[in-house]
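For reference, the chain that follows is the form predicted alone, supplied as structure tokens.
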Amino acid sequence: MTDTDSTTTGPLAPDDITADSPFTLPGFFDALAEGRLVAARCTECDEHMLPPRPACYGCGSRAVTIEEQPRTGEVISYTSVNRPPSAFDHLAPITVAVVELDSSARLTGRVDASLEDVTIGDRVELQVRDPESVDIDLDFDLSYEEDWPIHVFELV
């Protein structure tokens, strides 16, 4: 994966984006597997994009940079998914939340708690797990997803 620090402006042309770029979903999961949670930040309007994108969905600028994100945040919305994707079927119902990280970036993810135990404003921390430790049925993964870690929020 290409390492980009907060002073580097992201790809300005589509040809600059490779499969392992941190501005792609595979690049995002590569960083997550290394223990890093990264987001793109637009240097024009300060919009955070998580997972990272090569162009800002706020203003359309390609002046974006990669920034390491905190793993803690606050639940701003949540719901129960009673019929999840097949790989997660045995875990149903699943609590899913939109979490605003302490950096103001937002990430949607599963919460390792029942719906009744979650409320708006709860503090959570992102955990990165191996798919096999979560008992995910790998037969349902696409081939390029097999090595992607699973992110889960835990109440703190």
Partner chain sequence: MSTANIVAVGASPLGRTDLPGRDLFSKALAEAFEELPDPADVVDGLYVGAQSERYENQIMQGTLMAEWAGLRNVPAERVEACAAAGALALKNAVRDVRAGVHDAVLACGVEKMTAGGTEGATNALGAAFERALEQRSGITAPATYALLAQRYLHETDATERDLAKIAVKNHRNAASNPRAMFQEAVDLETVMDAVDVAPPLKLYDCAPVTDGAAAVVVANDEVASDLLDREDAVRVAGVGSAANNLAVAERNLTYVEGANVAASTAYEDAGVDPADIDVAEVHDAFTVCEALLAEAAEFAPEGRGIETVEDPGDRSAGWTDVRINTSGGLKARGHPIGATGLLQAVEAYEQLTGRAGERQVTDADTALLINEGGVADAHTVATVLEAQ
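Residue numbers count along the first chain shown, from 1. Everything numeric in this text was worked out from a predicted model, so none of it was measured.
As for the form predicted in complex with the partner chain, it is not shown, yet the points below apply to it.
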{"property": "Residue contact check: residue 80 to the partner chain in the predicted complex, 4.5 Å heavy atom", "result": "yes"}
{"property": "4.5 Å heavy atom contact, residue 17 to the partner chain in the predicted complex", "result": "no"}
{"property": "Residue contact check: residue 53 to the partner chain in the predicted complex, 4.5 Å heavy atom", "result": "yes"}
{"property": "Contact label in the predicted complex: residue 115 to the partner chain, heavy atom within 4.5 Å", "result": "yes"}
{"property": "Contacts with the partner chain in the predicted complex - residues in 91 to 122 whose heavy atoms fall within 4.5 Å", "result": "94, 96, 97, 98, 106, 107, 108, 109, 110, 115, 120"}
